[in-house]
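Shown below, as structure tokens, is a lone chain in the form predicted on its own; questions about how it binds or moves come after it.
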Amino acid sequence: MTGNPPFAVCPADDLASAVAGRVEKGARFCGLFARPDGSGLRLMAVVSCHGTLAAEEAILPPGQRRYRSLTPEIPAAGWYERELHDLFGIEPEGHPRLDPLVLPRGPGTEAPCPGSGRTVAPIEPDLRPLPAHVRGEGVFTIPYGPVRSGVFESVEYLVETTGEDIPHLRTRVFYKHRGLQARAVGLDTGDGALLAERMEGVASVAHAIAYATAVERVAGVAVPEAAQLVRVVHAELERIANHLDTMVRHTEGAGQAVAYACLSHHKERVQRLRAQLCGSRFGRGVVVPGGVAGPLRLDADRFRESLRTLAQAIDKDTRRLMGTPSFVDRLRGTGVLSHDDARRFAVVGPVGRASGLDEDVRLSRPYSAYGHLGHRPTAPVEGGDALARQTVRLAEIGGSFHLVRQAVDLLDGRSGPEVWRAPVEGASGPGLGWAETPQGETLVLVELVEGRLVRWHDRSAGFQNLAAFAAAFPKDILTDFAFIEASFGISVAGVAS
């Protein structure tokens, strides 16, 4: 698909019905976004269907702060509407539970309304405990976080329990909110790329690709083929490192000390290989609007040998791990996310594919060089538990090595001087980009005026998936928490940007 999605404008109170109608016909809900439109507010709901994106838009005129909520008909819209309530002060009528999400403003505090260009007074977050959802004899709430032992991002889980079972769970992510939408306003496209790759450190390359793709659509430029291949190399190495990290966290929780050490070593080897290719363990500075900063810095033959030894070592140790009954039993049946719940919350990435969903935007909406590489899709599975999510990631690691080898071979076979980027300076207009991060689809919306950002919003895969996190708990107990959280593989920084 090229260009921006086709859209239709409807009255604000008809937006829910219009989007629900598309979802009932098989579309997947991708997000609900807002931006200032004069003195009013424009809402845009994006859906994906058969490899294309479409949008329904509605305008809230000046003074109108309410609209009919999408959430009762589309549960996946629940967190989006909570975010819009926090940031823009608009109220979705009929929303089942409008708790603060990314910015808990105190009573009477003005919403920041990012993109409006106006200055807002400093906001003191309202940190009062939320009212309990579950009531009854012996029910109590455990506030788990935001500070925990070990290396974890700041997030608070409110666990409502009678002792062991978890009948209800709520998530408070605002501790990681950094106001990036407001920070982006006024940046040129190059500095915007620096911000995009720091949106979610574990997926720096993928977020930079999604951002750059949006800018390139505005500028109407084609990325040089060699640059597309370089992007694929870095994006797939990033995927391998992320999937290994998820398994490392599983082995830590299960007390598998040898597997923990081996897989941590393999992840470190991947990160060092990435540093050899570009100077950054996180692939930062590689992707720029219009292409890449330059070629791979490692000789092709040395790179192939490193890939070969890495792939063999990872395959050997993961086979041993998955042949360990005490480890596999810890994941089997843990944190089951049913196919129906995955569809209701429009879950993406490995979490969705482990619950029977099959969309991978590297295939359904190819970008960079994915359209002409022999990408083998990861078959969805039906288990929906932590074991199924790990199985999907293991298959994706093999697929990522295959893609990197293809890209390196194609780069090595090219001759003559290469152009690594196309000019995008001075572009104006709106654009939409996407990428398949290790966690799933991310969407980036930009609006440029003469090469500078007036709007930037990055919807991470984690934002989409964490809304479904609580649905994976009804049959589990507190000791399962670490495995379920690790199996979702979510970066909270990407959720509460």
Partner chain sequence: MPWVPRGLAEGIVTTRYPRRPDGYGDGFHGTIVASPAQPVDAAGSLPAEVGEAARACPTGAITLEPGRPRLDRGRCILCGRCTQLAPATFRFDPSFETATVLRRGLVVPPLDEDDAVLDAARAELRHRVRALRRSVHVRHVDAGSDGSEEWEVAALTNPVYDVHRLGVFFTASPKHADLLLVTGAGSAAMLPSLRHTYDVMPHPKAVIAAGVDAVSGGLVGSTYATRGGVGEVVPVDVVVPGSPPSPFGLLYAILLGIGLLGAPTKRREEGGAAHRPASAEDPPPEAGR
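Fair warning: this is a prediction, and the values are worked out from it, not measured in the lab. Positions refer to the first chain, counted from 1.
The discussion below concerns the form predicted in complex with the partner chain, not included here.
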Does Ser415 make contact with the partner chain in the predicted bound form, using a 4.5 Å heavy atom cut-off? no
Please run the contact check for Asp191 against the partner chain in the predicted bound form: heavy atoms, 4.5 angstroms, yes or no? yes
With the cut-off set at 4.5 Å between non-hydrogen atoms, does Ala121 touch the partner chain in the predicted bound form? yes
Val215 near the partner chain in the predicted bound form, any heavy atom under 4.5 Å? no
Listed residue (Glu73, Asp315, Glu268, Asp340) with a non-hydrogen atom within 4.5 angstroms of the partner chain in the predicted bound form: Glu268
Name the residue from Gly220, Gly333, Pro143, Pro125 that puts a heavy atom within 4.5 Å of the partner chain in the predicted bound form. Pro125
Of these, 379-387, 402-410, 365-373, 320-328, which stretch puts a heavy atom within 4.5 angstroms of the partner chain in the predicted bound form? 320-328
Taking heavy atoms and a 4.5 Å limit, what residues of 90-112 are near the partner chain in the predicted bound form? Leu103, Pro112
